[in-house]
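One chain comes next, on its own, written as structure tokens: the form predicted on its own.
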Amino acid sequence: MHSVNPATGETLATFDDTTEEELEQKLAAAARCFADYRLTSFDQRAGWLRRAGEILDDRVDEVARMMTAEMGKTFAAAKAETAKCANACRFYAEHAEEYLADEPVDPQSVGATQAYGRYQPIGAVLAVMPWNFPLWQVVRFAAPALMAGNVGLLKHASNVPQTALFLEELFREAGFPEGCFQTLLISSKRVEQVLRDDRVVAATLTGSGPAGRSVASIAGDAIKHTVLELGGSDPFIVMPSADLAKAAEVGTNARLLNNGQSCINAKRFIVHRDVADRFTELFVDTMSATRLGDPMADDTDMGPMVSEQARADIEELVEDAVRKGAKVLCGGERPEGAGWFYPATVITGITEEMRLHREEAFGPVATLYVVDDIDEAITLANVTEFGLGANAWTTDEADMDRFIRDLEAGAVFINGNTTSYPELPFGGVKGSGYGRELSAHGIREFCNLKTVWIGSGDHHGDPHTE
């Protein structure tokens, strides 16, 4: 596996794949670890997880520099991601026991002296993770999974091996037992082998639709639980009552977050006709002012795309739209020089036959639509196969109620940028996947909710029902 700097095209390091013998050793270590680790207390796990957060805080510049060099996000963004991961470690260290507390029911109603549900860990969980948030995507799985008493196996994206290996080092250095969290340097072709292994009990994947369908079908055949987050083509709706200047400013950040390479980037800007001209002017101005350059520089707003292929994919989408009549309002042409850079781009005049209308644009390209009313806005927002996040700008209470009720998405953010918080559940509907990460819901995904019924010994149940 190769670590390549997308700002220069330079190969930074090369790593050997995990061999079959090493893979067997890691699977066996995970099984051995879980047998004892599941019996550890919340206090023990919390101490180790807090230490992981402290390590991230202490090494923030080093970790951020590694991520920037490996996948191209700006140094400022990488430091923010590292800090967010440290915060998530502290959050689950503090709240896991509360989230996984027994859930009592009235014992008399079920003919018992005691009755409750208890959350228990299930074993080794395989995490198949993407490159775009190479630390955060993993930590938001690992922190709750480890606090629940599970153990983790990480198959990270092949272009971020340094970050993948650092994550194993992080949890080992924090004090977690050997085998508790391990990185597997394997290709996508070897995921099925790991997922079908009896020592692996579940999987979580963040990635493309095809990757999600593959993992889900394998896990379904093996009757193993999965959580899938498969990207999105999030709408950003602007209504007449919106603060247009603020919407344009936040909309630019929402589209260009992580160099335009985020599942919850705003991608389709749907603007009411009454304010379309003014919003377009403001939005194009803010997008055009984006400073593209060295991701380590303080004055850079946006770094390169992750790979040459990623840039080529975005160029193909733009060229297809232009050939079919779309108009580029800014950007749209790669700059000269080394690295896989692509400018902030706004395109209007999108029609149904254009690929940009149907496909997720995983790069700094915004499509701009004009609609006549809220009904048309919601219909257009929902036309995509995805349903991860949605963003709406309005101060009208009736508009807000409609958006909350009718937008087909796992999250609706009104008058603010779509993002993830440890306190809130994160996940999608439709082609964006199923299950939830973060919050209490995320930590419970990989638990067995065991029903406990304790009687006095003289109760025989109802013989006529199951």
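Quick note: we count residues from 1 along the sequence shown, nothing fancier. This is a predicted model, so every value here is computed, not measured.
If you look for the form predicted together with a small molecule, you will not find it shown, but the lines that follow are about it.
Stretch 151 to 159 is the contacting one of 247 to 255, 151 to 159, 103 to 111, 329 to 337, since its residues have non-hydrogen atoms within 4.5 Å of the small molecule in the predicted bound form.
The small molecule in the predicted bound form is approached by R140, whose closest heavy atom lies within 4.5 angstroms of it. Taking the partner from elsewhere, P134 is found to have every heavy atom lying beyond 4.5 Å of the small molecule in the predicted bound form. With a 4.5 Å cutoff on heavy atoms, L205 counts as touching the small molecule in the predicted bound form. Residue contact with the small molecule in the predicted bound form: G231 places a heavy atom within 4.5 Å of it.
With the partner removed from view, the residue among V227, A211, I314, I378 that has a non-hydrogen atom within 4.5 Å of the small molecule in the predicted bound form turns out to be A211.
A single residue from the set V200, V215, V371, V275 has any heavy atom within 4.5 angstroms of the small molecule in the predicted bound form; that residue is V215.
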